[in-house]
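First comes one chain, alone, set out as C-alpha cells in the form predicted on its own.
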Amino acid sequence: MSIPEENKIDSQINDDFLESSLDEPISQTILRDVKMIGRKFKRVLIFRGDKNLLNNWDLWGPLIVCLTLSVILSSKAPDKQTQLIFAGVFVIIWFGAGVVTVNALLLGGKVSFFQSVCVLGYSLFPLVISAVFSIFFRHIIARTVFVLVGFVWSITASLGFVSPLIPKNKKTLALYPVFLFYFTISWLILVQ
C-alpha cells in the first residue's frame, strides 16, 4: 500500500517545519528571539531599517517594556502603594493598547490585533528610557524635557508603523487614541 503523493508533500512540509524550529537547541531559540527583539528596539529608536520588521509580531518585547516601566514607576511609589502602582501601570498599558487596536480595527484598519499591540508596545521604549532618566534627574524641568522627548519619539515611531495601515479618510480618528495612550503613559512618568 503506497501513500498518496499529496500526503507525502504535506508530511515533508511538516517535517521541515518541525526540524527548523522544534529540533534546535533551546539556546539557539532564545538567542534568535533576543536578536529579533533587539532589532525591533533598534528600529523603533533609529527609524531606519526594515519597515516590515514589526509585521512579524511578538509580545516578548512589549512585555519586557511593560514590566520595566511598571517596575520603574512602582519603585518610586510609597511602600504601601508599590503593588497598586505596578498593577495599575501594567493594566493601563495592556488595556490601552487593546482599546487603541480595537478602535483602529473598527475604523477599517488593515492590521491584526496582536501586530498593533506589538507596535504600540515596542514604541513605548523611548518612554521607558525617559523614565530611567527621570530617576536620575529629579528636577521637574529636566524630567519634563526627557518625558516630552520620549513622548514625541514614541508617537513618531508608532505612527511610522500604524499610519499606512489606516484608511486615509479616518487617520485622525484612528491616531487620536494613539496620542492619548502615549500621553497617559507620559503623564504617569512625569508625576512619579
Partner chain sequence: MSELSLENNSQSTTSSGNDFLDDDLSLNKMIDDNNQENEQQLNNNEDKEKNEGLEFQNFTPQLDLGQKTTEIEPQPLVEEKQDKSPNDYPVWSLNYYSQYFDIETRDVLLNILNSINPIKGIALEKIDFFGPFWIATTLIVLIGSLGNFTSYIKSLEKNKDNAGEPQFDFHKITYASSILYSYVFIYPIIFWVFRLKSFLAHTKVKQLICLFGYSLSWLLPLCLFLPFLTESGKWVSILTVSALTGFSLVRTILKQWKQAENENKTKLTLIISLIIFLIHCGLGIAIKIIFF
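Positions refer to the first chain, counted from 1. Computed from a predicted structure; not experimentally measured.
Below: the form predicted together with its partner chain, not depicted.
Using a 4.5 angstroms threshold between heavy atoms, Q115 stays clear of its partner chain in the model of the complex. Of the heavy atoms in V71, none are within 4.5 Å of its partner chain in the model of the complex.
Put simply, Q192 is close to its partner chain in the model of the complex: some heavy atom of it is within 4.5 Å. At a distance threshold of 4.5 angstroms between non-hydrogen atoms, S75 is out of contact with its partner chain in the model of the complex.
Not one of I37, L45 and L127 places a heavy atom within 4.5 Å of its partner chain in the model of the complex. Contacts between 173-192 and its partner chain, taken as any heavy atom within 4.5 Å in the model of the complex, involve L173, Y176, P177, L180, F183, T184, W187, L188, V191, Q192.
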